[in-house]
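Taking the form predicted on its own, here's one chain by itself in structure tokens.
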């Protein structure tokens, strides 16, 4: 029995003539926390969006729990799976975005229970129990009846994290989840992610918070121009950077 949660082989993604991902390969085992760093335009967010099937991709294979997602071989031809199957495949991952993407007309608890009831067909009672568990887990036990407009940005982002975790995904994807937050709210969100990582959740994190990446990850990936330019332990990447490009990217980062 393998612990391999995510396997990406030779992933290529283009927008017209512009190739954004140029053959990315990556493997993650259960409990791995990998942070992805790099300049804007290096392909970090596109990588996550392909794993979550929010983007089509032209070449390569993505497997979650050993199963290919998004595409299948039909009579020797690479074929996109049905919309229904895409929804099933996407449910294997939970994704938290830069913007919180909460429904403003629903309370915090209702934002969490919506997909539990609609997608996983759980009862109203069970969904409410799960929502309360995760609200407590992200430090918001008494905010279930609050609407997004009544919450700070950090609280909204923690509700978004609770909503994704409530679906019990195999893999969590975080895309620059603190970039829309005021500086004083950033740590409350990062502390929640660290706590969930400590529980053993497998995570792929795109971040510009270098200290956080150093502390939370067991591997760090540096992307440059659509490729994984370097991959290693946090110490190897942040304290013993071997390439001029990585050194230039980290020049203002001090540990």
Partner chain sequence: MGYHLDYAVIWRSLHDLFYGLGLDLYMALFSVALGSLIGLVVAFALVSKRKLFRVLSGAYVTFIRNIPLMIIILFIYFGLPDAGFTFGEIPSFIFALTIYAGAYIAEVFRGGILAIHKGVGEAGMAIGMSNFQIIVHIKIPLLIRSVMPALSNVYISLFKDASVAAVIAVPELTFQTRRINLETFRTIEAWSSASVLYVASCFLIAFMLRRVERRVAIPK
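Just so you know, these numbers come straight off a predicted model, no measurement behind them. Numbering follows the first chain given and starts at 1.
The next section is about a form of this same protein that is not shown, the form predicted together with its partner chain.
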property: Candidate site 90, 104 and 167: all three near its partner chain in the predicted bound form by heavy atom within 4.5 Å; result: yes
property: Non-hydrogen atom contact residue 95 with its partner chain in the predicted bound form at 4.5 angstroms; result: yes
property: Contact test in the predicted bound form: residue 163 vs its partner chain, heavy atoms, 4.5 Å; result: yes
property: Partner contact for residue 118 in the predicted bound form: its partner chain, 4.5 angstroms, heavy atom; result: yes
property: Residue 79: touches its partner chain in the predicted bound form, heavy atom cutoff 4.5 angstroms; result: no
property: Listed residue (63, 30, 49, 194) with a non-hydrogen atom within 4.5 angstroms of its partner chain in the predicted bound form; result: 49
property: One residue of 85, 132, 99, 152 in contact with its partner chain, assessed in the predicted bound form (non-hydrogen atom, 4.5 angstroms); result: 99
property: Partner-proximal stretch of 141-149, 179-187, 71-79, 124-132 relative to its partner chain in the predicted bound form, 4.5 angstroms, heavy atom; result: 141-149
